[in-house]
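In structure tokens, the next block holds one chain alone, the form predicted on its own.
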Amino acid sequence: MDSLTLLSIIITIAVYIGASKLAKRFPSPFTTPILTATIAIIAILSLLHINYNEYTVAKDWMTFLLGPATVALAVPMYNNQKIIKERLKPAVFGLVSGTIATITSAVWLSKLLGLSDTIQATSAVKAVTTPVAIEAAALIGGNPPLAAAFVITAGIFGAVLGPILLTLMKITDPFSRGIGIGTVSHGIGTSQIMTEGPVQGAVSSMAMGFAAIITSILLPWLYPFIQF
């Protein structure tokens, strides 16, 4: 590991710790660590003239830990398995319909805005976790790197605005809030909704996984039909 990579990792960790402390002191959807940390890191890297390619090596080291972190989401699911089992049938219906609605609305909005076929295909996978989005986008003619960017953007917006929109819609049930965020905002949204309570976090973790599976199965068959 060279000095630039080590510096980039230290900057990222330090900024995220600071963003987490900021969120605890001033709790708000707009102080979500993933949002404030992203903005701060981009600003710092720009000031230090560290480009994306140079930062990529550090990013690869850190994203390697996403595997263990994702597995760790099974803990709240296990602790709340009773309520998940009790409401599994309506949850599956909500997950399938929500995933289809997310894919369809993204593609149709892209088409309405006159965006290219590549962007339309890429936008279809914005609501699932990055590894799945990259592979799924390639299957339907999307752009994998752009898919990763869409996923991160959707996750940040979901984490920041999702809880606000659910509250405005008077959706207060913990299970419903968790499944709504997990379906459309994957891991980034899940990390935010976990701050509300263990049920929200457990259900969001489940929804994130199911949404990825449903998208992987349905997207290659669904996409040609919504391309009118």
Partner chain sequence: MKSAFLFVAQLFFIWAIYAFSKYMVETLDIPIPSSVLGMVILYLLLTCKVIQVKFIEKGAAFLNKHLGFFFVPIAVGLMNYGGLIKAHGLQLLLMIAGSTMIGLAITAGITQYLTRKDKKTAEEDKGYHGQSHSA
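Residue numbers count along the first chain shown, from 1. Since the structure is predicted, the reported quantities are computational estimates derived from the model, not experimental observations.
One more form of this protein should be noted, the form predicted together with the partner chain, which is absent from this view; the next part is about it.
Although the partner is absent from this view, T118 stays clear of the partner chain in the predicted bound form, with no non-hydrogen atom inside 4.5 angstroms. Contact check for G141: no non-hydrogen atom falls within 4.5 Å of the partner chain in the predicted bound form.
The partner chain is not shown here, but in the predicted bound form it comes within 4.5 Å of a heavy atom of P68. Within this chain, F64 lines the site of the partner chain in the predicted bound form, having a heavy atom no more than 4.5 Å away. In the predicted bound form, the residues of 121 to 154 lying within 4.5 Å of the partner chain by at least one heavy atom are, in order, S123, K126, T129, P131, V132, P145, L146, A149, F150, I152, T153, A154.
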